[in-house]
Ligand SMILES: Cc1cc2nc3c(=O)[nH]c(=O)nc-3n(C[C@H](O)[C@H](O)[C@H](O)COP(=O)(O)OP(=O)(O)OC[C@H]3O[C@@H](n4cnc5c(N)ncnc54)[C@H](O)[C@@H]3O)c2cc1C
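Let's start with one chain on its own, the form predicted alone, as structure tokens.
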Amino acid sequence: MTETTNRSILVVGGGISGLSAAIEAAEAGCQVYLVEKEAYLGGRVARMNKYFPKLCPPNCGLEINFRRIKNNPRVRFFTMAEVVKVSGSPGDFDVTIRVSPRYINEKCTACGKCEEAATSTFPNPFNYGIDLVKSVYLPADFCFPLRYVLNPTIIGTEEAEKIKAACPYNAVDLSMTPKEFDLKVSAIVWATGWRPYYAEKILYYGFGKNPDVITNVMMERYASPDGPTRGQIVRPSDGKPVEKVAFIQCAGSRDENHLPYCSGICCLASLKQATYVLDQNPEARVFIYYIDIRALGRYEDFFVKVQSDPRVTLIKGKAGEIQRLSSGKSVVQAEDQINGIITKEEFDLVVLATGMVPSTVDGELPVAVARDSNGFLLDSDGTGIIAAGCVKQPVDVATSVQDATAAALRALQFTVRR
């Protein structure tokens, strides 16, 4: 005999996995609470230019999910929020949520008057610090919720008061403080995603010192129409268009000194980004330095297509030190293992394919869940805490959605007493 309870599901993380799990559970008839630490939903997918398998902009898919959430009364979401405490047992969890102040309330219409009044700037987190934003800003052109955020560092300053006075809707609330509240839920889907490996730790590549060495996630923002250069792929040091680009695979991955594992998607990401360069500049040339190209199943045809392009050169060999010349060019040295020679090539831009690191790699978690040696969450049947997406293992967007749907189904089982 089963008895349906009136309890709810908590989804932690508002990226593509968290969104998918929340929507599927809610549309199955369950009350869902979605908690996201950033000021917007969509996670890292929202910061991509294109994604597999269709190579289309992610905004179309995200917009559909945002509409499904907006129109579903069973979903309540909280941005700039985090889980600080979990107690109880499967089917009966008590959860404490802390929401950080946004200093902009629900009256905001995103008219931009507050931004016009702001004077100070800081590195834009959405664009990985490539450009600057004002002290009050929209997280992105296409963000949900479409509401401004005020940088807390200016609270108590004259600038903050000017911003408040500029708002015609009384949406700027400088008196906001952190708030905590409690929830009772039957199950928790942990979908907090991933972050890029810190490229500055790979000293011989010079990331952070050579401005023309960037990471693959930064490349997505350069190529995006809503990115810092409005989709123009340029050399960061001087803003000139690029003619010759190097993609370095396994930047820190499959390396006992950094990440011992393969993230699986980096090869495809670089192949995709090679098409960004060539579509924008048909005269450009692209070099891809790799250990092994991993493009399995349906992606094999895409690899063959890019590989057959005469403007693309693949070099099997791990790239060594990158040197910056006085001309501004960056020299990549590598051993061409197939031809048995040492190669040296000059490039306008070098893109490091850094691996995926789970958000759970550092620090204590507010939930009792097992992690492997690399910080990925392990499946734990019967605990009521279900991991989903890249927090379990490196996967692409399509696989994340599938895994999140499965996680929602598992979570729903805890809303039924047997």
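Since this is a predicted model, take the numbers as computed values, not measurements. Residue positions are given as counts along the sequence shown, with the first one as 1.
FYI, the form predicted in complex with this ligand isn't displayed, but the following is about it.
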Practice prompt. Give a yes or no for Thr192: in the predicted complex, does one of its heavy atoms lie within 4.5 Å of a heavy atom belonging to this ligand?
Written response: yes
Practice prompt. Report yes if any heavy atom of Cys390 sits within 4.5 Å of a heavy atom of this ligand in the predicted complex; otherwise report no.
Written response: yes
Discussion item. Taking any heavy atom pair closer than or equal to 4.5 Å as contact, tell me whether Asn216 reaches this ligand in the predicted complex.
Written reply: yes
Worksheet item: Looking at the partner-bound form in the predicted complex, is Gly43 within 4.5 Å of this ligand by any heavy atom?
Response: yes
Item to complete: Check, residue by residue, if Gly18, Glu36 and Phe52 all come within 4.5 Å of this ligand in the predicted complex, counting heavy atoms only.
Response: yes
Discussion item. At 4.5 Å between heavy atoms, only one of the stretches 261-269, 326-334, 89-97, 221-229 reaches this ligand in the predicted complex; which one is it?
Written reply: 261-269
Practice prompt. Consider the chain as shown here, without its partner, and state which of Val32, Met356, Ile69, Ile385 has a heavy atom within 4.5 Å of this ligand in the predicted complex.
Written response: Met356
Worksheet item: in the predicted complex, which of the listed residues (Ser186, Gln273, Asn127, Ser135) lies with a heavy atom within 4.5 Å of this ligand?
Response: Gln273
Worksheet item: Relative to this ligand in the predicted complex, which residues of 393-408 have a heavy atom no more than 4.5 Å away?
Response: Val395, Asp396, Val397, Ala398, Ser400
